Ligand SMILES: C[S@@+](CC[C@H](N)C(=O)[O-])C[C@H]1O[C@@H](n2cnc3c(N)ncnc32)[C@H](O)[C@@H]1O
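So this first bit is one chain, no partners, the form predicted on its own, shown in structure tokens.
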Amino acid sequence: MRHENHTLTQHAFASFKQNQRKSWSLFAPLEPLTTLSAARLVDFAGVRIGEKILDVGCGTGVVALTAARFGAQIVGIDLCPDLVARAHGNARLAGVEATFLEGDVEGMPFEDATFDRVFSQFGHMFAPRPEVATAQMLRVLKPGGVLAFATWPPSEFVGQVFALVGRFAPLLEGVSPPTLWGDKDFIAQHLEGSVQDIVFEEGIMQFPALSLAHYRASAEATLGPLKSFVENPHTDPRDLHAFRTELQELASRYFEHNHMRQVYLMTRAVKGS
């Protein structure tokens, strides 16, 4: 593999986030897959009528709108304007009230202690600096409020896919691998001293696929990091061939009955007073 080492200058940092906006813009086709896990996360986290809830990295709004049906006041924020627009459309179709904003978890435009609960489903984990994202989510959460999120463990299928992408297209120095957020020790370390009553629970998402090649094609078209690597004009064709070969071999271990078995981790914690 042929890559240069990079340091995270301010310009590189801005470019990294701009690339995230672009690469995740085609995530919408995966919306049905994340709808069931959204209900699981909302049930796991609990929602009460009238609570003010923030959905971080809200994507197309599946978690936010699920919570809204329980009578919560919903705000969603996402880096990608295309997904925010889709979330607005979903809210209109569902006939529920929700506010969706384009924004960055590392610099959210909300006052301290604004929300009763802060959720994130496979969202905040892609922020480049975990300590900044954590601080922001806890800042806008009320004392005694609930923080709940779903992430991909590094030892499971999706985590291994992101690790594979990272071998062929290394992250910029200073950018944290997103799957660290699927490690219980990492989570506990970043929440230590700010929360209590941390609870973990695993879930399983089934990704329909007619064949391994169908899975690969779908993943390359919709998953941000894969899409960026595959469509990068500087990607060496030999690297691309090797990557695709390894991806299908990895996927073969989790392919059964026309679906990929994808284990995810849910975390729930209560912010201290």
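Residue numbers here begin at 1 and follow the sequence given. Only a predicted model underlies this, so the values are computations on that prediction, with no experimental measurement involved.
What comes next is about the form predicted in complex with the ligand, which does not appear here.
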**Study point:** Heavy atom of each of 24, 62 and 104 within 4.5 Å of the ligand in the predicted bound form
**Key:** yes
Practice item. Sort through 166-174, 90-98, 72-80, 185-193 and report the only stretch with a non-hydrogen atom within 4.5 Å of the ligand in the predicted bound form. Key: 72-80
Review point. Might residue 20 be said to contact the ligand in the predicted bound form, defining contact as any heavy atom within 4.5 Å?
Key: yes
Review point. Does at least one non-hydrogen atom of residue 157 fall within 4.5 angstroms of the ligand in the predicted bound form?
Key: no
Practice item. Indicate whether residue 122 is a 4.5 Å heavy atom neighbour of the ligand in the predicted bound form. Key: yes
**Study point:** Exercise: residue 152 in contact with the ligand in the predicted bound form, heavy atom 4.5 Å
**Key:** yes
Review point. Along 33-57, which positions have a non-hydrogen atom within 4.5 Å of the ligand in the predicted bound form?
Key: 34, 57
